[in-house]
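Here you get one chain, nothing else, as structure tokens; it is the form predicted on its own.
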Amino acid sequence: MPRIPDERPLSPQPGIIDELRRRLPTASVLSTPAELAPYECDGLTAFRQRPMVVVLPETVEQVQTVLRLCHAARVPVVARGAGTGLSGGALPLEDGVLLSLARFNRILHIDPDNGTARVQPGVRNLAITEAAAAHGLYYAPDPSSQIACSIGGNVAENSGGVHCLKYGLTVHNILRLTLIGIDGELFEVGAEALDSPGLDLLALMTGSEGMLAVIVEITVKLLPRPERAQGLLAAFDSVERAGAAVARLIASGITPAGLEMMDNPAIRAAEAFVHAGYPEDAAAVLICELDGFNAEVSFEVMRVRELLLDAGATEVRTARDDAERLNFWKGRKAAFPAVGRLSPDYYCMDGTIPRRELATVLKRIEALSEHYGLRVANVFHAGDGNLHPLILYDANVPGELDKAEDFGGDILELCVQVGGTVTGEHGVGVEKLNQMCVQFDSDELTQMHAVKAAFDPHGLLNPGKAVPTLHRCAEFGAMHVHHGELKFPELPRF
């Protein structure tokens, strides 16, 4: 898997830096090596590339100025939020402008009567909930990085979180976007009402990874705090039993607010890191949260406890109070940094599968781990089948990063083979371009490029990301269409 976007001719325009300095405040334009170094990657640190220049506008008008200049000079632009993305979506271009929205960090208005908030894209996810708390409201999507990630980046990647099973992804929790096209034109999609006439451009823009326009304002939905939230933690002696328990629980008709799973390596890492009280001898744990009215939660807690025990749980704990419930989540939300204690490096994957395939896929990942000789810790949103295998490797050992990338690619292709998809919430970026060739055929990819061209005819907004070229797919060798059906490449046999 390459560590740079699809190859394309470079179009260096050093003169644009002087033009940007003339049009923007001096402190808003960064161009020295020391200034550019912090922007050379996002959360996927294996992919690195310094931009030609970084700009940090403070007003909508300044963003329009930057985009108009780049449009006229045919200079590519990569928009960046907090840089916490895990797919290389904000990887800059050496001949391009990196447009940081970090200074767009104001909450513009909270409307408690209608349950909405207007915010700028650089506002932290958690800051929205903190600002709405005084009104008894909160913003539901809560990625593990919510303390740092920006809402603009959440929209660009259609982020989820531990509560997306019940409350949905970002696309289900926003109402309106204000955007700027590559030509500097300001426009809006969506509405503060529940529906608006015309095509659903709000859904199109959500998850478009900065390829169609630059977001400058977002109207989000705010929800009332539930009367009660109750957490349970169930331990299992095998990951297969835990996976089967997930399918059984969802089939019962109960929709938890969150349903997360961690295997033993992730359990041990999280426990050593935050001391959440996890059973370290368990092969897997499920963390289940139920919320709603008090009587409703009381009934569901007893029902879920019974279901989990019947499904083979060796232990089921019910949080005694809110502090213990939050402690259950503390370990889960710290799992990614905690796994960093197990290995010098790890590669975080993101794929989604049908819940019925959970046990099968986990067993196959274990076999792939043995095949590649690399350990893996599994942390994922079990309720909606969104997997986050963390592949452990050492970048200082020659060839280990390549093996980790191949291992990750096999996991994503496995997700497609069982009826899933190559991403759940991290986006495609540059990381999953090859696996997009596996999931989609040439006609589908052509249509995606046509949508891109409708908004950005010169391909200047985040080029080389999210949608692979047909030439790349031909080279990857994963596109074998016979009578209109896509033949998936076989994974190694064991």
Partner chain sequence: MTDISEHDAEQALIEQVLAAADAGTPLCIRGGGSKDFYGNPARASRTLDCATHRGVVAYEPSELAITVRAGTPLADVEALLQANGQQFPFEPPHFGPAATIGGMVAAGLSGPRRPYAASVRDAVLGVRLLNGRGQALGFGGRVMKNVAGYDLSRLMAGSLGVLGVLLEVSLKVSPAPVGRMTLVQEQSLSGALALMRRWARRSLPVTATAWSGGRLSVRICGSEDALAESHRLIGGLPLPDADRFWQDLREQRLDFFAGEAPLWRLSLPPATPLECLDAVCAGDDPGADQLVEWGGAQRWLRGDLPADGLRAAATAAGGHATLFRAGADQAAPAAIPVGGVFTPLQPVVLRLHRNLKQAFDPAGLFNPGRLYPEF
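Values in this document were obtained by computation on a predicted structure and should not be read as measured data. Numbering follows the first chain given and starts at 1.
Unshown form predicted together with its partner chain; subsequent notes refer to it.
Participant: Given the stretches 424-432, 26-34, 45-53, 60-68, which is the single one in contact with its partner chain in the predicted bound form, using a heavy atom cutoff of 4.5 Å?
Facilitator: So the stretch in question is 424-432.
Participant: Of these, A251, V397, A367, A272, which has a heavy atom no more than 4.5 Å from its partner chain in the predicted bound form?
Facilitator: Flagged contact: A251.
Participant: E94, E185, D402, D321: which sits within 4.5 Å of its partner chain in the predicted bound form by any heavy atom?
Facilitator: Checking each option against its partner chain in the predicted bound form, the one that comes within 4.5 Å is E185.
Participant: Does at least one non-hydrogen atom of E192 fall within 4.5 angstroms of its partner chain in the predicted bound form?
Facilitator: Although its partner chain is absent here, E192 would touch it in the predicted bound form, with heavy atoms inside 4.5 Å.
Participant: Does L169 reach its partner chain in the predicted bound form if we count a contact as any heavy atom within 4.5 Å?
Facilitator: Residue-level check for L169: yes, a contact with its partner chain.
Participant: Is there a heavy atom of G373 lying 4.5 Å or less from a heavy atom of its partner chain in the predicted bound form?
Facilitator: G373: no, not in contact with its partner chain in the predicted bound form.
Participant: May I ask you to check whether P344 falls inside a 4.5 Å heavy atom distance of its partner chain in the predicted bound form?
Facilitator: Contact with its partner chain, no.
Participant: Taking its partner chain in the predicted bound form, which residues along 451-471 bring a heavy atom to within 4.5 Å of it?
Facilitator: Stretch hits, in order: V451, K452, A454, F455, V467.
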